[in-house]
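First comes one chain, alone, set out as structure tokens in the form predicted alone.
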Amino acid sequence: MGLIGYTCSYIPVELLSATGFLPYRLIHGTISFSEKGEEVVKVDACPLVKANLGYLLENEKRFVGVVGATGCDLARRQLEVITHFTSLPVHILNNPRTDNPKIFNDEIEELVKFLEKLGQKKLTPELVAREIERWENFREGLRVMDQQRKAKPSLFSTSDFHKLCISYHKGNPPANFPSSTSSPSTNPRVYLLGSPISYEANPFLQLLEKDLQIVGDFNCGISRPLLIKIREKNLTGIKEAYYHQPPCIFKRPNKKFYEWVSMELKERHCQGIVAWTLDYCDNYEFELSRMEKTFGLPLLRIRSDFSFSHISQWQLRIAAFAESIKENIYV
């Protein structure tokens, strides 16, 4: 089955899969893909954009098209590069930065036209309803597992949860969700946010969870799809759910992002925050000081270009961060 690539949580997978192609989130992160991407963009571009371009260039024949959304400048730029260096049809969804549902709704209508042409089939109400039900069942299964991860103590690790989420982002629901839980963790409870967590980032999550328990996150690559719940099984329901999901940090004003994360920190009894950012990810880098001040919790900053060359330093910093949280608990 051909893959249809997509780049953003605001692009409805239900519509992509209704074409008969397999939705595949472009969220790769390895040095080798990043170096391949440097053949077509400048060296100091975002590592995620470079890695996605590298992956796409090496796997172009597997794809039938790409749907991207406007977010940061590099996210928009990568779509121009894909158009220039591949023969793939590319559609750009203009995701408004400010609160403007009409623009978003109109963009979804344009997306439907693109997909109908790409898939050579009409996206009928019956077909859309069927796809909504299929993907909602998938998300609900993930939500159940997320409740175990949220439990106190946490009963399901985020590194294991990430593996389930990968199946979602690659369009392949698991045959069964795990029936048993991970061993309960008593490590300090932290929330993970920041730049996207790539398919290849699982060793980093395992590293974190040696000393911490990640009980929640706001990351592309992990839990963002869970925040989308479609109530009406039609195109209107898709527009409503995707537009009104907890907003990405690039939305302006981003007050709702802070409100959502603040609520999550309380509900999940978090004792600290881990902020994972990629080089040149200004959307988050510019907000970290404000996050520390607003959320009022210890915050560990880890910055990466996808390499693990600093893993020894990370281990020490993570262990020290965990200890500092424990000390605060007993003060």
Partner chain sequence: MFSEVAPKRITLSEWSRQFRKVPDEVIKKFNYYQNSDWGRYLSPPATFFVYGARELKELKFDNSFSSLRLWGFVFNESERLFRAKQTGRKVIATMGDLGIIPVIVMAFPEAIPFYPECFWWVPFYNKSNVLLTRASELGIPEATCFSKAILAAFSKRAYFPVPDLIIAATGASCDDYSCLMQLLEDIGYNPLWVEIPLRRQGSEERVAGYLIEEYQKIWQKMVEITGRNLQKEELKKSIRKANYLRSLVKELKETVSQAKIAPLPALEMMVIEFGNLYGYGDFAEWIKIVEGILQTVKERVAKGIGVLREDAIPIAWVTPSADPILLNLIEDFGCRVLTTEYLINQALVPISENLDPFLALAQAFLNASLIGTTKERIRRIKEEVEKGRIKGVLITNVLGASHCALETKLMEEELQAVPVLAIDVPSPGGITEQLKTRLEAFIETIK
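The structure presented is a predicted model; accordingly, all values stated were derived computationally and were not measured. Residue numbers count along the first chain shown, from 1.
Keep in mind the form predicted in complex with the partner chain is missing from the figure; the text below concerns it.
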* Please determine, with the chain shown alone, which of 129-137, 198-206, 90-98, 171-179 has non-hydrogen atoms within 4.5 Å of the partner chain in the predicted bound form. => 90-98
* Asked: Considering the partner chain in the predicted bound form, which of Thr30, Ser304, Gln271, Asn283 comes within 4.5 Å of it through any heavy atom?
  -> Asn283
* Structure fact -> Among Gln245, Asn254, Thr236, Gln148, just one has a heavy atom within 4.5 Å of the partner chain in the predicted bound form, namely Asn254
* To do: Using the partner position in the predicted bound form, report whether Glu58 sits within 4.5 Å of the partner chain, counting heavy atoms only.
  => no
* With a 4.5 Å heavy atom cut-off, would you call Trp260 a contact of the partner chain in the predicted bound form? -> no
* Asked: Does the partner chain get within 4.5 angstroms of any non-hydrogen atom of Glu39 in the predicted bound form?
  -> yes
* Mark Glu232 yes when one of its heavy atoms lies within 4.5 Å of a heavy atom of the partner chain in the predicted bound form, and no otherwise. => no
* Output the sequence-ordered list of residues from 62-82 with at least one heavy atom within 4.5 Å of the partner chain in the predicted bound form. => Thr70, Cys72, Asp73, Leu74, Arg76, Arg77, Gln78, Glu80, Val81
